[in-house]
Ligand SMILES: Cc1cc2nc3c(=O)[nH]c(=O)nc-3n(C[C@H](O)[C@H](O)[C@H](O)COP(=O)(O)O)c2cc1C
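Starting off, we have a lone chain in the form predicted alone, written out as C-alpha cells.
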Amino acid sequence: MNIIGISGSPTKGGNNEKMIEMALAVAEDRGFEVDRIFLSERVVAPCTACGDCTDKKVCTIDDDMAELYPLLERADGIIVATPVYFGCMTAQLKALFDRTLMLRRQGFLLSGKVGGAIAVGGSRNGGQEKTVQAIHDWMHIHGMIVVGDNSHFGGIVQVPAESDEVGMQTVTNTISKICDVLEMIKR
C-alpha cells in the first residue's frame, strides 16, 4: 500500500516538509510505500476553469501537475501539510487542489483513499483547525475517507514544530490513524 505526503509550503526544508517526512517515516516503519510532493520543488499553476478536462484525461496547463496526477491516483492514503497563511492553506496548495478537478471529472479517482491533514501555525490558536477543515473539505469533495488524530481533527502544530511536543504527537497520531484505516479496509 502507498501513502503520499504533500507539503503545501513554498519553503524548502521548512516545518511542513519536516512534518511530512516525520509522518512518512512512521508509515514506512509500518511497511507502507511512500511518495512525496513538496510544492517548494514544483510549479503548479492555478486552474483556469477551461473545462477541457471534462471530456479527456488531460490538463491543458503545461506544468508539474502532469507528473503529480499519477502519484495521486496510485496512492491509497494521502497526508497533506500546509502552513497557515491568513487563516487558511497556501495558494500553492489551493492551486494543486483545484487542479485535481480533472481526477474528479474522470470518475472520482481519489474516492475511497484515506486522507488526513496537518496545519502549522505561528501560535497555538493560529488558524490551524480552520485550515485542517479546508483540507478535509477537499478530501470530502473527492469522496475520500477522512481521519483525524484519533481525538481531534488532525495534526495541529505550532512553530517551531520540533519544539511543539503536543503538535508533533498529533502528527504521529494522524498518520497512525491513516495507516490503521488502510490496514482495516485493504485486508
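Position 1 is the first residue in the sequence shown; the rest follow in order. Note that the structure is predicted; figures quoted are calculated from it, not measured.
This next part talks about the form predicted together with the ligand, which is not shown.
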Candidate site 112, 143 and 145: all three near the ligand in the model of the complex by heavy atom within 4.5 Å: no
Which of 118 to 126, 49 to 57, 148 to 156, 135 to 143 lines the interface with the ligand in the model of the complex (heavy atom within 4.5 Å): 118 to 126
4.5 angstroms heavy atom contact with the ligand in the model of the complex for residue 97: no
is_contact(residue 72, the ligand) in the model of the complex, heavy atom dist at most 4.5 Å: no
Distance check, residue 83 to the ligand in the model of the complex, heavy atom within 4.5 Å: yes
Touches the ligand in the model of the complex: residue 174 (any heavy atom, 4.5 Å): no
In the model of the complex: members of 12 to 51 within 4.5 Å of the ligand, any heavy atom: 14, 15, 16
